[in-house]
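One chain follows as structure tokens, the form predicted alone.
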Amino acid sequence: MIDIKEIRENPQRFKQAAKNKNIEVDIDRLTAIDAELLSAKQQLQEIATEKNRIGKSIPKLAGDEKQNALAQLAKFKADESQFEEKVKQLQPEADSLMMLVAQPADDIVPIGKDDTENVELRREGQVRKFDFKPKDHVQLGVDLGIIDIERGVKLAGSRSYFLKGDGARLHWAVLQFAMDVMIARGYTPMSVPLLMRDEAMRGTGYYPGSEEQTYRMEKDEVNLAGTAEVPLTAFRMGEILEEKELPIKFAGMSTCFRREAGAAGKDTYGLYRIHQFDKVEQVVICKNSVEESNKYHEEILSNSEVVMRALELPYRIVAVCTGDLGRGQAKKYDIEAWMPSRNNYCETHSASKFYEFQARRMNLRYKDSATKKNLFCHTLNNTVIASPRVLIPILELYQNADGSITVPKVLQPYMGGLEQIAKS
């Protein structure tokens, strides 16, 4: 959420931010309601002051003076009731509109309409050239008996799957390796709840806006989290932290759930766009400082690159354009891995910087030692690894002419020393 003072000072900036992000919000309506609320609350403050003054004077008065004071007090009470009713009527709409306001993107972020206008920054690793006709990950998985999509769909519906035997072991190996990397880099490992109350969804910026993508348990009024970002970022919501605690660095492993509403007919083949997957997520909560946020944004990107380089997967880094940014994101990097079957670099990670957008919604603050004021924290997050999506490039790039899969060296210790997945 944005500080209303910033919107009052420069509403045009937030109109432009919404336009750049393709987000609908009526800033004119918000500023008009805000002006009415400010006026009504000022009137209430003045009435309270006068009521207090008159109330103190009444015991000293007598006769007509006392009657006039009582009459004036009655009028103030009637006016007060009128202004309170006005606030009661306007405040909910103002609050709803505030939740829709988009955070302006950093000036360095490219302007663009959607992900087709993201800007490539650099490429890492070499794309493999095959001297045989390669199979895609589904063909490889079925032939080796490590993926079963047909039975997954039969039991759970579209975009469902089973990982079997060495396929399941490879999946777990990737996740555990990624978690070990993060622990070694000083991040606290976290096992998180998967069911989140609406407060946590709103606090992290998923509500309003992502309701259609979320599995909601209506009876219990909780939601299946689409990422560990939600519980990790909201872990200390509503608290005032000590400055010495910052930065807080978490790495959480969790199952993630996404409805993929509106994606009918899109990326339906294989393991790319699915309803349930597992992910190691990293979250940083730091001081209210642009410089600190920028530093940790580069750090969380670097952490994920360490994992990708260790897996020896070719990838590229892209600067995400305004039209592909979420409501709260000020800047985002995507890591895209090369996937032979898709003949393209495809998203595997998203590193996002929010400044105080999420913390303001969650009322997550710290006591600043210099000013002695309570300041809103800054928050950031990034994927460390998500599986089984990352199994697509692993299986396809590590395949051999005989249909077997060479296990990446860094994952072999996590699979009991297994060097190759082959037909049993």
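The first residue of the shown sequence is 1; numbering continues from there. Keep in mind the model is a prediction, meaning the values are calculated, not measured.
The form predicted together with the RNA is left out here; the points below concern that form.
Trainee: Report whether the minimum heavy atom distance between K367 and the RNA in the predicted bound form is within 4.5 Å.
Mentor: K367 belongs to the contact set for the RNA.
Trainee: Does A35 make contact with the RNA in the predicted bound form, using a 4.5 Å heavy atom cut-off?
Mentor: Answer no; every heavy atom of A35 is more than 4.5 Å from the RNA in the predicted bound form.
Trainee: Is G63 close to the RNA in the predicted bound form, meaning a heavy atom pair under 4.5 Å apart or at it?
Mentor: No, G63 sits far enough from the RNA in the predicted bound form that none of its heavy atoms falls within 4.5 Å.
Trainee: My question is simply whether K77 lines the interface with the RNA in the predicted bound form - judged by any non-hydrogen atom within 4.5 Å.
Mentor: Output for K77 is yes: heavy atoms within 4.5 Å of the RNA.
Trainee: Going by heavy atoms within 4.5 Å, which of 25-33, 393-401, 351-359, 44-52 lines up against the RNA in the predicted bound form?
Mentor: After filtering at 4.5 Å, what remains is 44-52.
Trainee: I need to confirm a contact call. Of R197, K113, R309, K295, which residue comes within 4.5 Å of the RNA in the predicted bound form, counting heavy atoms only?
Mentor: Spelling it out, the residue with a heavy atom inside the cut-off is R197.
Trainee: Pick out the residues of 369-393 whose heavy atoms come within 4.5 Å of the RNA in the predicted bound form.
Mentor: If the 4.5 Å heavy-atom criterion is applied to the RNA in the predicted bound form, 369-393 yields K372, N374.
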